[in-house]
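In C-alpha cells, the next block holds one chain alone, the form predicted alone.
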Amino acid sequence: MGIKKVFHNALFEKVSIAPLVTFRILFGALMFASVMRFWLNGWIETQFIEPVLHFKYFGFHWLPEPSAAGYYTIFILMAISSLLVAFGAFYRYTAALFFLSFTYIELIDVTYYLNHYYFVSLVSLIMIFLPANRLHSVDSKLGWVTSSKSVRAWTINILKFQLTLVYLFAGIAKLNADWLINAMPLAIWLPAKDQLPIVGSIFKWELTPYLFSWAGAIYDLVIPFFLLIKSTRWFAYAAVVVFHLLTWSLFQIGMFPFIMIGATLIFFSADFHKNWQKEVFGNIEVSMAEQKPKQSWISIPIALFVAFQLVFPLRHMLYDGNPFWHEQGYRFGWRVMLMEKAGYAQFKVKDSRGRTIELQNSDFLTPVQEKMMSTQPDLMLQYAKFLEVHYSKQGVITEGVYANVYVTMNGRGSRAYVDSSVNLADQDDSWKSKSWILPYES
C-alpha cells in the first residue's frame, strides 16, 4: 500500500463511531469530576480570588480578570458544559463553551501551569470539530443530528495522535544525563516516600530511583506503539493503568492519571467499545442514511495542527544553555516531572535618591506563587514590573527593581540565577533569549 493511500485511509476511511462515543462520555465525566474537585477543595478562592497578583502567560497579559462572582460563574459553566458534553446535549455549543471557559481560567495565572491542563485544552478544542454526538447522545435521540454508526477515520486518529505525542515527547525529554545517569529528580523524591505501607521499604534502596527512571523513559517511548498493535494492546493498557495509578499514589498530580487512563481507551477496537455500549444502551437501530461525501479540505487544518504540535514543543532548542535551568521554551513541551528546582529570591526597589526598599515576597504572593516565581525568569519580570507600579502608586519615584536570586536544581548546590545589577522592571519579555539569566555551570 502506497504512502498516499495510507494517509488517505487515516483521514477518510469510514470507521465505527463507537470509540469516539466512549471518549466523549469519559472525557465529559472526568472533566465534571475535575471541576467539582477543584471547587470542593476551595481552590477557586485560594488560587484565583485571594491573590493580589496573577502571573500571565506570554501574549495574554491583556486577559481581563473576573470578579469573585465571575469566577464562580465560569466554574458553573465549566461544570454544566462538561456534563452536557458527556451526555451529548447541544454538543457543539457545550464543547465550545467548555473549551473557552476552561482555557480562560487556565490562562489567568501561569503559576498553576500543568501539562495536563494544556492537554485538556487541546483535546477540548479538537472535540468541538468531532461528530461525537451522532450516537448514544441526547442530540441524536431527539433528532437534532442525524444518527450514524460511522465517522471518518481522522476524527479518531487525531485523538490517538495527540495522546501519542504526549507520551513520545515525555519520553524524549527523559533522555538526558540527570534522568538516566543520576536518576534525578527521583533520587530525591522516592526516598521521601519510604513511610508508605508495604512498598515503602523499596524506596530506601539506592537502585530504586534508577529502575524507576529507566522504566519511565522506556514506558513513554514505547507505550503508544504497543497500544496501536492489537496483540499487545491489553498488555500495554494494563501497563498504562499500573503506571498512572502508581504515579498518582506517589505524587500530587490530581486527575491527570485518570484522564490518561480513560483517554487511552481510544486505542481499543471498535468491537470493544460496541460491546460495552450495547450492554448500557441496548441495541439501537440507526438508519443507514447516505453520509456526506468526504471533505478533502479538512486535511489542511489537520496538517497545520499536526505540524504545530510537532514543532512547538521543540522551540527550547532555539536557546543556548540548559533548558531545565533557564526554562525558555520549556512549557507546552510535555516535560513531565523532570526536575526538582527550588529558589530564593530577594527583591529590592531603589528610589531616585538611591535608597533601597527590601521587601517580603509573602506580602504580595501566595506560597505557591512565590515558589514558582523564584525559579522561573518570566515570572520574575512580571513581579518586578508589578513592584514598580505598586511602589509608584505609594509615591515612590522608582529608579529600578533588582533581585538576588539563588536556585538549586536536582540536588546540586545553590547558585546565582540572575544578574543582580540588571533592572528587571526595565526588561521586556519576548521570544528573545534573556541575557540576564546567568549560565548554568554543571
Partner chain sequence: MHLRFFHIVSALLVLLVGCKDKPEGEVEDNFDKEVMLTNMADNLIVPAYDEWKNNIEELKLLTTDFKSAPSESSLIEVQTTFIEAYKSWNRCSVYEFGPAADKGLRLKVNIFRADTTQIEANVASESIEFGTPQNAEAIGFAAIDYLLFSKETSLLTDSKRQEHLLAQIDWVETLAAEVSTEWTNYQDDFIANTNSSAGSPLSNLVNEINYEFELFKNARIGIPLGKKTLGITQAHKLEAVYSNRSEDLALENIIGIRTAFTGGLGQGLDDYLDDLKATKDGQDLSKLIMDLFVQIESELQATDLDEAIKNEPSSLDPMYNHIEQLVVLLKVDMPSQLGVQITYQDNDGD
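Predicted model only: the values in this text are computed from it and were never measured. Numbering follows the first chain given and starts at 1.
The next section is about a form of this same protein that is not shown, the form predicted together with its partner chain.
Peer 1: Can you tell me if S392 lies within 4.5 angstroms of its partner chain in the predicted bound form, counting non-hydrogen atoms only?
Peer 2: Result no; S392 lies far from its partner chain in the predicted bound form.
Peer 1: Using heavy atoms and a 4.5 Å limit, would one call G143 a contact residue for its partner chain in the predicted bound form?
Peer 2: Flag for G143 set to no.
Peer 1: Looking at the partner-bound form in the predicted bound form, is P64 within 4.5 Å of its partner chain by any heavy atom?
Peer 2: Looking in the predicted bound form, residue contacts with its partner chain do not include P64, since no heavy atom lies within 4.5 Å.
Peer 1: Test of understanding: in the predicted bound form, would N283 fall inside 4.5 Å of its partner chain by heavy atoms?
Peer 2: Answer no; every heavy atom of N283 is more than 4.5 Å from its partner chain in the predicted bound form.
Peer 1: Go through 379-387, 56-64, 24-32, 405-413 and give me the stretch that gets within 4.5 Å of its partner chain in the predicted bound form, heavy atoms only.
Peer 2: Looking at the partner contacts, the answer comes out as 405-413.
Peer 1: Within 4.5 Å of its partner chain in the predicted bound form, do S148, H244 and N322 each have at least one heavy atom?
Peer 2: Result no, not one residue of the spot touches its partner chain.
Peer 1: With its partner chain left out of view, which of T73, S296, Q360, S269 would have a heavy atom within 4.5 Å of it in the predicted bound form?
Peer 2: By the 4.5 Å heavy-atom cutoff, the listed residue in contact is Q360.
Peer 1: Just one of A89, L107, M337, I126 has a heavy atom within 4.5 angstroms of its partner chain in the predicted bound form, so which one?
Peer 2: Only one option qualifies, and that one is M337.
Peer 1: Sequence order please: the residues of 356-377 with a heavy atom within 4.5 Å of its partner chain in the predicted bound form.
Peer 2: Stretch hits, in order: T356, I357, E358, Q360, D363, P367, V368, E370, K371.
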